[in-house]
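First, one chain by itself in structure tokens, the form predicted alone.
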């Protein structure tokens, strides 16, 4: 961090230190995390504010910097909401949007005032082209995260593998 300390203020250094702990960025050298940080969009959501709604087209992955996010799904038949997960600082959600721009399967709501970093699909694609070492690591880590989440789901209930 001493190399970076010469060029960046405390706020940037704090964010880089935070990113260093995120599984998605494992394997990216500390001095290269500044390129990742430059690709992220920072946004604050107020308590109860909707981040995205089930059915919206996904365009970004979210990283919780502070606060908490509730992910829920609406069942039209029963007209009820079911809580799927609570996302905490250092955790990511919405990652499927980086693979395909499809409708969101859940609604994300700030459970309290929450700051997130967003990685939009075009920014990831730009990293893959302009900084291939970083882009490849991100793509590999994203695949690992999605694979482990799929594995957890399969272990919880049988999966129908339709052809």
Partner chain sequence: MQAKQANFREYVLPSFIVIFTLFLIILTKGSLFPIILSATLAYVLYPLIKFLEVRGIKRIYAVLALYLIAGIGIFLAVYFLFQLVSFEFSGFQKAWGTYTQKIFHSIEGANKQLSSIFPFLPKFNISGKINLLVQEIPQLILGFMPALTLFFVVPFITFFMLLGGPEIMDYILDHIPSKYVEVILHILSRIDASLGNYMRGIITEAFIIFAIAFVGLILMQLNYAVIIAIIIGISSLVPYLGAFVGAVISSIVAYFQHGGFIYVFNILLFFGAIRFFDDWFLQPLVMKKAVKLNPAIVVFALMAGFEIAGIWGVIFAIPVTCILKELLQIMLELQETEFRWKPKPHPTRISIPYT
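Numbering follows the first chain given and starts at 1. All figures in this text were calculated on a predicted structure; none of them were measured in a lab.
What comes next is about the form predicted together with its partner chain, which does not appear here.
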Please tell me whether the candidate spot formed by 17, 24 and 66 is one where all three residues come within 4.5 Å of its partner chain in the predicted bound form (heavy atoms).
no
Of the options 127, 138, 106, 51, which one has a non-hydrogen atom that comes within 4.5 Å of its partner chain in the predicted bound form?
51
Quick one: is residue 62 in contact with its partner chain in the predicted bound form, heavy atoms, 4.5 Å cut-off?
yes
Would residue 96 sit within 4.5 Å of its partner chain in the predicted bound form, counting heavy atoms only?
no
Does any part of residue 115 reach within 4.5 Å of its partner chain in the predicted bound form? Heavy atoms only, please.
no
Wondering, does residue 145 line up within 4.5 Å of its partner chain in the predicted bound form on heavy atoms?
no
Along 27 to 41, which positions have a non-hydrogen atom within 4.5 Å of its partner chain in the predicted bound form?
34, 35, 37, 38, 40, 41
